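Here's a solo chain for you in structure tokens, the form predicted on its own.
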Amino acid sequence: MTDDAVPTLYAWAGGAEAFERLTEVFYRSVVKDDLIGPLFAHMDADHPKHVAMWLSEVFGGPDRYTKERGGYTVMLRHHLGKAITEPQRRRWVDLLMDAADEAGLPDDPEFRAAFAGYIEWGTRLARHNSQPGATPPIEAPVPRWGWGVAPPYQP
């Protein structure tokens, strides 16, 4: 399969609608969760849509988060000073993976490996950046995540 024939993770997942479904399901669980719910107690009503835009861009979709929300710098600001703990990070990951199932994201091993790879990387970075005294780079591009070593199986 040529690189041109390999769909982005965004396209494979179902585009913007799939990521919006994911974040709606996810944040319904988050706000009820005893461990991470307090981190989102004052969450803006549009927060799930903004996170869907971020994930869409990361996984190869349009650069709406960058153009409409300000890109990496804005995302970084949401995490600074939050002092996210490892148990909170892991709960976030677990709830997102459960939401991926409930929202009907593709469950093929290749997609889920790439999806989980970014979620692990991104949440670990967010945790590090959220710690007191952290000095992460303020300017950086939005990451663009691909299939890695296992593109989708297409017979």
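Counting begins at 1, following the sequence as shown. All of these numbers come straight from a predicted model, not from anything done at the bench.
One more form of this protein, predicted in complex with a small molecule, exists but is not displayed; see below.
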* Could you tell me if V51 has a non-hydrogen atom within 4.5 Å of the small molecule in the predicted complex? -> yes
* **Touches the small molecule in the predicted complex: I36 (any heavy atom, 4.5 Å)** => yes
* Asked: Closest heavy atom of T66 to the small molecule in the predicted complex, within 4.5 Å or not?
  -> no
* Asked: Would G60 count as a contact of the small molecule in the predicted complex, using a 4.5 angstroms cut-off between non-hydrogen atoms?
  -> no
* Asked: Is every one of V25, L95 and R112 within 4.5 Å of the small molecule in the predicted complex, counting heavy atoms?
  -> no
